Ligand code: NDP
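One chain comes next, on its own, written out as structure tokens in the form predicted alone.
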């Protein structure tokens, strides 16, 4: 029922986790896929092969999104190759510890650069093309942490709270050009990002028990809502934060 045939999608951070799952699912729905990766070349080309296996075109770029020049170079290459970018999924992100009173400026700067500044850079580069087309779909990836806060992760929570605020701001700003902007805010997800904490079976079980649905979702459970927001089924949805957390945080 959901078809993205004839559309092109740019996904940031597409080599693993939610980005990988979204790339494959959106390819199955008919979209050509472009994505960037920071360092995981082997995983990136595995994703590229999965997309192409589904009969779709795929472009994979090694690019640091905190560097505006690399972002613009990537976007220009996609437009040269395909002529358009219809859908943008801002997924790239990092999750690290930061205890206040022991501020590590390198960790703070990395989080702000990757989780926040890169989104500004990518949207600023892509939106002019969407405006020319007279339509576009932007899906930002937020977080439950951006809603409720998170001890020892205040820098991460702040970056994701900003994503939520930008989603609402851009939804109004871009509406005259038929560009819809929404956000998927996951809670815990079983991805590489959580491998460290989930290596403790007791902690993993405590997380599972804290979720009313009693399961830690796979990345594919987040890719589904992304696909929905990038489809015509959500044509009257903009500025929304879709919480995908199994009921662990209820807000709206």
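What you see is a predicted model, and the numbers here were worked out from it, not measured in a lab. Positions refer to the first chain, counted from 1.
There is another form of this protein, the form predicted together with this ligand, and it is not shown here; the text below is about that form.
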Query - Contacting member of 194, 59, 211, 29, with respect to this ligand in the model of the complex [4.5 Å, heavy atom] - result: 194
Query raised in the report: Does the 4.5 Å heavy atom contact test between residue 40 and this ligand in the model of the complex come out positive?
Result: yes
Report task. State yes or no: in the model of the complex, is some non-hydrogen atom of residue 15 no more than 4.5 angstroms from a non-hydrogen atom of this ligand? Result -> yes
Query - Contact of residue 92 with this ligand in the model of the complex (heavy atom, 4.5 Å) - result: yes
Query raised in the report: At the 4.5 Å heavy atom threshold, is residue 189 in contact with this ligand in the model of the complex?
Result: yes
Query raised in the report: Only one of 170-178, 121-129, 137-145, 80-88 gets a heavy atom within 4.5 Å of this ligand in the model of the complex; which is it?
Result: 137-145
Query raised in the report: For 157-175: residues with a non-hydrogen atom within 4.5 angstroms of this ligand in the model of the complex?
Result: 160
